[in-house]
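We've got the same protein chain twice here, in two forms, each standing alone as structure tokens: structure 1 and structure 2.
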Structure 1
Amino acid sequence: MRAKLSVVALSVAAAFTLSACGQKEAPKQAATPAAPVTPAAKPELVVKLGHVAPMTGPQAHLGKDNENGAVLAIEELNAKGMEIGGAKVKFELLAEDDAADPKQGAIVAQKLVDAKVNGVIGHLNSGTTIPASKLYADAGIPQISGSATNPKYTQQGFATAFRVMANDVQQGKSLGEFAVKQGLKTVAIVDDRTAYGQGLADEFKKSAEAAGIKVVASEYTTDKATDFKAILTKIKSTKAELVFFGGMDAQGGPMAKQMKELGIKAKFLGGDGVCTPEFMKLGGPATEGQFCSLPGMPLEKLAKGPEFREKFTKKFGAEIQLYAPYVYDAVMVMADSMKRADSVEAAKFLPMVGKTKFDGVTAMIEFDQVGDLKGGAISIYQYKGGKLEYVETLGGANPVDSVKADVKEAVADVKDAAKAVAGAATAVGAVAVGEAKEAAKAAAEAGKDAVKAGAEAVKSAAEATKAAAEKK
């Protein structure tokens, strides 16, 4: 029995051994490579900029031009991927229509305040910009206009109000100077009773009268009128040599046309509001040879001007009407201020707006203590062959003249430095010569003393020799 058990035990052990020997070692699993660490995406920061202009009514073409300038700037900023406060910024434009109406302007301004926009670009018209600016100031929202020129806008004492073009004081003065240079003696003035039109006309009148031009008529219209024959008939009787109009192209074009129809020989002169392709379209052949003005230098004469015109035309398939380059710069200044402050909070970047020094399309943009553009050059144009032809620039700082002045100043500095070096060299030479003379004099004195001492020594020796001989 025990033998059987032993055999069985041996058999079981052998079977277990064979089974164990027949098993294959399980293959080791390859280590799974660690997944690459993906850096966490930077948070996105949405910055809302309000833009207000007339998108309906007779000035809608100018409003669209302004809006296009803002859209172009926004798209370029987003394409660059600006970062502020460690977050990627996405700019959004909240566009509103104020129809060039002050009441509507206040309504949409409050709408933007309620939307908590970070900043406002606009409004287009001084008449809507001025009342709206109070609402933005109360809310602490920075506002940069690319077209409102009435001086009152920045003279209200609001720390939030800025503009990137010359004001009507600068423009009216230059227009008056230009009229005098044309040898004109009498002028009739017409304005549209808006903050812009009346403000510009008043400044022109001051400048013209100060220069000796006689104002023979002052007439008024509205920014909605299209028939001016009644007031033009009165002007014709004065035989004025010049008709100055403070207003926009929607009225200026028909006015120039009706002047010709009535046989008025006077020249027509207006500000930036009539310096547009639309003025020529509405006025037709009557606009030929007439004059207008625009703040700043012509785009063609500015370093970034031609490039901007090309980009604008390519994107929108339309030519620049008037203020688009200024609105573009206004957006860029707002964004640049945020970048320098490293914050999009109005309270934090507002102080940076006032400290701006931005090389824009239209100018080197810097603001004075009230928010006006420093410099304020005004360029005169003449309508010729359906185009605006540049005549000259008055006031402000002509970029070419500024460069010449900088070079002249640098040359003067070099000359002064050369004189100083020469003077220093002469002085050093004089000191050296003086010191040499003093040294020579001292040596001569020392020589004299040595000779004298030698003579005295010889004399003493002679006396001693004589005494010794006498003793002998």
Structure 2
Amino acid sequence: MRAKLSVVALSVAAAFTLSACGQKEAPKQAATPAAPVTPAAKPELVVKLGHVAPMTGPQAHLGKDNENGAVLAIEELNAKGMEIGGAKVKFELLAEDDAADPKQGAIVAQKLVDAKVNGVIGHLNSGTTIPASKLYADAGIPQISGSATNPKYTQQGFATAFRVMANDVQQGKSLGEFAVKQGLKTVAIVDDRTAYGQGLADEFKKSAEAAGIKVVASEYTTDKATDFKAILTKIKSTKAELVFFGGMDAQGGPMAKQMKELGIKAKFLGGDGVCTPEFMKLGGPATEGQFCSLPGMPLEKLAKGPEFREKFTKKFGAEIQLYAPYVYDAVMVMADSMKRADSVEAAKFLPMVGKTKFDGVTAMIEFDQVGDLKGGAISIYQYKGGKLEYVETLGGANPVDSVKADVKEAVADVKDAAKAVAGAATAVGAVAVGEAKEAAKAAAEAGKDAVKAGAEAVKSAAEATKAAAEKK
């Protein structure tokens, strides 16, 4: 018995020495980034970025996906070799697990604050992002989340909180608009009673009801459930034309399957949580013809999308699950802001994060005053033949915004042109600017078709000036 006891004692002691070692090492590591603030002395500047997502628990697969996105971005940045303040920058990723638990989220956040990270990417869940954001805000560390979509995250009034993804309000609204466009009269809504699912379902409900769609059933499940037959049977009796689901793929897939088994003919529509390869895998043939939405434009439609997908699958030997491109962009935005500020110090580059205009994989990233993605476009997809097929892009603000971006570009180009060409050219340029601005305003107010027409006009004008300025 005594021998056994000593084994326990030893192992406990060992565990403690382990932790003690970890403790000692932590401050040493933390000391490194603080030192090279004066870059002249050291040729290499280490920039630490924290990344937080659940690596254990039911959402661990998404957590790993996020982390992969960040790892890819960091490796590319290092391979490219960025220079800030005259020193070569080396990015390091401190990846942490919050298990999607708010308490652990706060502890991990504190750990990152202690490690004096220059910026934080994450967290994945809104539930952990919100309490953690307070700690980052107090420490003045910029935080960009690629997946926390709860509107509250940025509404707390923290200057450090940003996200590169449309929030639940924007997405729920667009999904509602889509349902209206399909000419539907009745919908049933299911949500998984998580912050994400409930938020999305509520926004969808609002926008659908505002457009005169009747919500014939509001049912609920949990994010751990596998059996939905009871609520689906009830939905069947209401003869809804569409079932909207606010929740994740692990529930959405089986739900679509069970709808089919119960002989429900209604279409299935969900948000980004079910716009994953996993959804199709889990739902099988029942996912055919179902709809889902993703913030931003489809990767295939984006200039850098297919390239990103290729890089990602080649490196990790896995399909992109969901948020990896957004997390990748979040890292890039952080690095880009540092470059523009010519400093890696949070206090100096934080203002530049707000002024970001970065052409990322997922979108042209710009933030509004609270730190939300400006005019986040929402794209609708349909599962067809085992693939996600792009249907259309919604979200009102987006087409107008892209036009605005074009107009701005035109304005900038015109200005350059104006500088180069003197006299009469200046006058012409100025007029063009004025016209372009007005066109944009009018376009924003008029319907989308008008916008397109206006935009084309502006574009052609811009192209003319571009040609003149011999710019890109």
Partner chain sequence: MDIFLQQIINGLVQGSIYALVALGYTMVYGIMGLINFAHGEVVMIGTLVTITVASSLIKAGMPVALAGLAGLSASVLVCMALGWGLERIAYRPLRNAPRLTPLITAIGMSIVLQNLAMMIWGRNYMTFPSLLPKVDFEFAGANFTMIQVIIVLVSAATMGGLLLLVYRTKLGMAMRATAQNPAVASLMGVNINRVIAAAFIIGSALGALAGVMVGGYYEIAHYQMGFMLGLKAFTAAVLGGIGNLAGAMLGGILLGIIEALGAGYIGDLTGGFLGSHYQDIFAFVVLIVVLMFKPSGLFGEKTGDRA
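Think of the rigid core as the biggest set of C-alphas that the two forms share within 1.5 Å after superposition. It should be emphasised that the depicted structure is a prediction, and the values quoted were computed from it without experimental measurement. Numbering for residues begins at 1 and runs along the sequence of structure 1.
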Matching the form predicted in complex with its partner chain against both blocks gives structure 2
For the two-part rigid movement between structures 1 and 2, is residue 102 in the part that also holds residue 281? no
Rotational displacement of the minor rigid part between structures 1 and 2 [degrees]: 10
Rigid core superposed, the C-alpha shift at residue 114 between structures 1 and 2 in Å: 3.2
